[in-house]
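This document starts with one chain, in the form predicted on its own, laid out as structure tokens.
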């Protein structure tokens, strides 16, 4: 198109863009929007049309942008965990190993800031000199925070080298990709500006007033380019765990299982006492369990009496029990369910399930655990049991292998384990190509007679509890469980993850 023809079809807003580029060539769309006081989306449309007219050329570049996350803000305010630790060690406020400082101790050791001598924390010379000083991670976080928009190229080489650490350390930064469109005047565009562009008002909305008064006949309306580039809009999509849950449900249904459900808030009776966990078991401590105020109701007196008897002396199972008094006030305590096995025993005690039976449950559980690459305090468990006179432990191993194979996890290991309510018991480990090691993915076993006696169950029962998020890590090839769930989720990955498909 000739320059004269292009000038004839130019609209007011497009002329304003040319004039803005005439003052300063090579402007990004957002900068043009500020200069012309128009919306960025409208400017994108106009710039695209100017490109078609041969007056403007557009250069597109994908840039990486960094923002400080909420966790990063906390680090800026309080410092890295290991910095806080050596400061307290230096002041004598922390002296020995404790669960509270487990993660910080690990990081401090890697920096050669501390040594451990029979559980006593001692500062190294390097650790002493680091007290009160900012780490490189803290410095880079402050640099990113200080910039309104921090592009990757704004950082020095040494600062860029810290970025992977900030991602690994609980996603202290948020990484985004942004497509930058920069507009430049072509030779025709520069000539158009030199000729002088007269702006005139155009209307982009047809109103009832324009129609009634007839003014629409003498009004110039602006046109729109529906093919102009626009910023990406991320619509809603299913959380990746929903796909895994659906896959697992399909596998269980194919294998003849029916689903069961149970409450998140449980009594200690259903979560522990009902399955022959002693009342002084370490798992009941607040270090492992989230207790709630108040107390819950126990089931019918006959069942409570049967549980009490088998706890104290083994009842008619041939066991001697735990030989300690069973206290109902402990069983009445309310807590957040620590495993979905409580749902299984609700089926035994309330629904009176009888053999043969195969049931499963996929639901949320809560444990007071330190968050790391493979642990979360709130996660999902896949619970299942099979009740039949002829079922045995070898059947359980076959079920687990078949189940995991259908999800694409084919390398399994079984390790002997202790559970109060199952014997034999095993831990299940799956090989992770991403972590290059075996990770625990579940726990299983055959219920002991003591755990079944109060319900009058004489058949064999095998059962298992599997970590849903651990399975998801395998299927989605993740190295950090925190990218999947919680406030440290990787939003870029959540927007773009590939929906998994069944293997069998």
Partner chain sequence: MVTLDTDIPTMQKYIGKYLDRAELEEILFRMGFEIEDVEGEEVKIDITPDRMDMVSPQGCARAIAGYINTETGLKEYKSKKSGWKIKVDKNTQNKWPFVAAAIVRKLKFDNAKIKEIIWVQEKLGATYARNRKKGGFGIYPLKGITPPIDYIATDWKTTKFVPLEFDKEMTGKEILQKHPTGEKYAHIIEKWDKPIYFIDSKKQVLSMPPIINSQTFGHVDEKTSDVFVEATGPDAETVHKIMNMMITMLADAGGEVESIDIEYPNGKTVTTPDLKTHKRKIKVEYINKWLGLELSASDMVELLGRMRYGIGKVTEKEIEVIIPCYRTDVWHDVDIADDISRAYGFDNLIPEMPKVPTTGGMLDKSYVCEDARTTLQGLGFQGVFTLALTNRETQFKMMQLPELPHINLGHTEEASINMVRVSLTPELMRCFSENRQNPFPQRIFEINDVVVPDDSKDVMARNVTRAACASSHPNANYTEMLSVLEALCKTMDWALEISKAEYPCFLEGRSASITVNGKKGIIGEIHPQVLINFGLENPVVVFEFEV
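Quick caveat: nothing in here was measured; it's all calculated off a predicted structure. Positions refer to the first chain, counted from 1.
Omitted from view is the form predicted in complex with its partner chain, to which the following refers.
- Exactly one of the stretches 122 to 130, 87 to 95, 387 to 395, 189 to 197 approaches its partner chain in the model of the complex with heavy atoms within 4.5 Å, and it is 387 to 395.
- Among the residues 166, 155, 357, 185, the one placing a heavy atom within 4.5 Å of its partner chain in the model of the complex is 357.
- Proximity to its partner chain in the model of the complex, taken as a non-hydrogen atom within 4.5 angstroms, holds for one residue of 207, 102, 179, 258, which is 258.
- At least one heavy atom of residue 267 is located within 4.5 Å of its partner chain in the model of the complex.
- Put simply, residue 11 is far from its partner chain in the model of the complex: not one heavy atom of it is within 4.5 Å.
- When contacts are judged by a 4.5 Å heavy atom cut-off, residue 161 does not count as touching its partner chain in the model of the complex.
- Although the partner is absent here, residue 404 lies well away from its partner chain in the model of the complex, with no heavy atom inside 4.5 Å.
- Remark: all three candidate residues (295, 424 and 460) come within 4.5 Å of its partner chain in the model of the complex, counting heavy atoms only.
- In the model of the complex, 485, 486, 487, 488, 489, 490 are the residues of 470 to 490 with at least one heavy atom within 4.5 Å of its partner chain, listed from first to last.
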